[in-house]
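This document starts with one chain, in the form predicted alone, laid out as structure tokens.
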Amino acid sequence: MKQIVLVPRKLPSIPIEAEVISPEIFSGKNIEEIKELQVWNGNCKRKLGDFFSVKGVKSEDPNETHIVIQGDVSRVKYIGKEMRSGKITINGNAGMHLADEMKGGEIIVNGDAADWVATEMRGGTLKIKGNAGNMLASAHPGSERGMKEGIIIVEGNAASSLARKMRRGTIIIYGDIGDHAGSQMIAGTIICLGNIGRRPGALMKRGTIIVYGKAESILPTFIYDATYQPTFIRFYLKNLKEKLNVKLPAEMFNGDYERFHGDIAEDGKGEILLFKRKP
């Protein structure tokens, strides 16, 4: 892949909205044309080159375009908005609305990510090496659907309201998850390798939440079914490990899980699976 490298200069206190940072928009443009792309800083239009130094090799194909951001862009919003192909690597922290409505390609964040990341994601892969903020992979306010396709891997913790109104896709959190994970979830899979906060799956219709650590509390509208070894988990986790190189504890594959179905305040066809450690 051909790389375009962005290095942030001293960024203003007012966040920059830079949805132009996307392989589809960069492809076919030379360095000077990329610098001329317009971004918003408050209510003022500015040039991308006002805030970033730009260097690299032009690519005509977005699939072969790799945008590398060298530095902290926690005050830059909408990077990778609606991207369909190519790759973005951020060597630093990422700002709000990263991967907003992302449809394809790959984004890697070698740092933390702010709130409202991967909102209504529709495809592609997002990997966050640090922690993720609130509302990861959730729906926009007033929208009926959150994440619809794709894969999200967070190696740190995720804050509250993860995957609100999630429709499809897979989310893997290596660390802990805050309160209200999977609320109003319609389908999809959340895997938490750490502990999960209060009220996971509140008002969920369908979908699966798998917790390897502890759950702070389960709503009374989730009904305990049984403690057993789900056959699908063995094959599902094996597939994730082989295809995505996800690091999973060996005991998860053949361990016992407590199954709760709910939320019976809705369709009641969702499930929470809590890994049960042997005494």
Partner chain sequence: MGKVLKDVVCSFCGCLCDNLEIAVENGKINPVSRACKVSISRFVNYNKDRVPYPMIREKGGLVKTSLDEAINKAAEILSRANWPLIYGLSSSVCEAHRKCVELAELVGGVIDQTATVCHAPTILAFQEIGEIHATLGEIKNRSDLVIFWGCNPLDAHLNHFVRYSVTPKGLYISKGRKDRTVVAVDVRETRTTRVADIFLRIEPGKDYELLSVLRALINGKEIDLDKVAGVSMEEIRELAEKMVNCRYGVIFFGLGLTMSRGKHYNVMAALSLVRDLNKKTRFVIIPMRGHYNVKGAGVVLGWQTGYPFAVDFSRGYPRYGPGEFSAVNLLANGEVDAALILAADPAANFPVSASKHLARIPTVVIDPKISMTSLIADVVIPSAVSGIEAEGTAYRMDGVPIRLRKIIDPEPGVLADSEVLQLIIDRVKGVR
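Quantities reported herein were computed from a predicted structural model and do not represent experimental measurements. Positions refer to the first chain, counted from 1.
Note that the form predicted in complex with its partner chain isn't included here; everything after this is about it.
Region of this chain that lies against its partner chain in the model of the complex, out of 71-79, 105-113, 151-159, 124-132 [heavy atom, 4.5 Å]:
Heavy atoms within 4.5 Å of its partner chain in the model of the complex occur in 71-79.
Verify the flagged residues K2, Y174 and L273 against its partner chain in the model of the complex: is each one within 4.5 Å by a non-hydrogen atom?
No, because K2, Y174 and L273 lack any heavy atom that approaches its partner chain to within 4.5 Å in the model of the complex.
G28: touches its partner chain in the model of the complex, heavy atom cutoff 4.5 angstroms
Answer no; every heavy atom of G28 is more than 4.5 Å from its partner chain in the model of the complex.
Please run the contact check for N245 against its partner chain in the model of the complex: heavy atoms, 4.5 angstroms, yes or no?
No, no contact at 4.5 Å.
Residue contact check: E33 to its partner chain in the model of the complex, 4.5 Å heavy atom:
Judged by the heavy-atom cut-off of 4.5 Å, E33 is well away from its partner chain in the model of the complex.
Using 4.5 Å between non-hydrogen atoms, is L219 touching its partner chain in the model of the complex?
Residue-level check for L219: yes, a contact with its partner chain.
Let me know which residues along 50-71 have a heavy atom within 4.5 Å of its partner chain in the model of the complex, or say none if there are none.
Read in sequence order, no residue approaches its partner chain (within 4.5 Å, in the model of the complex).
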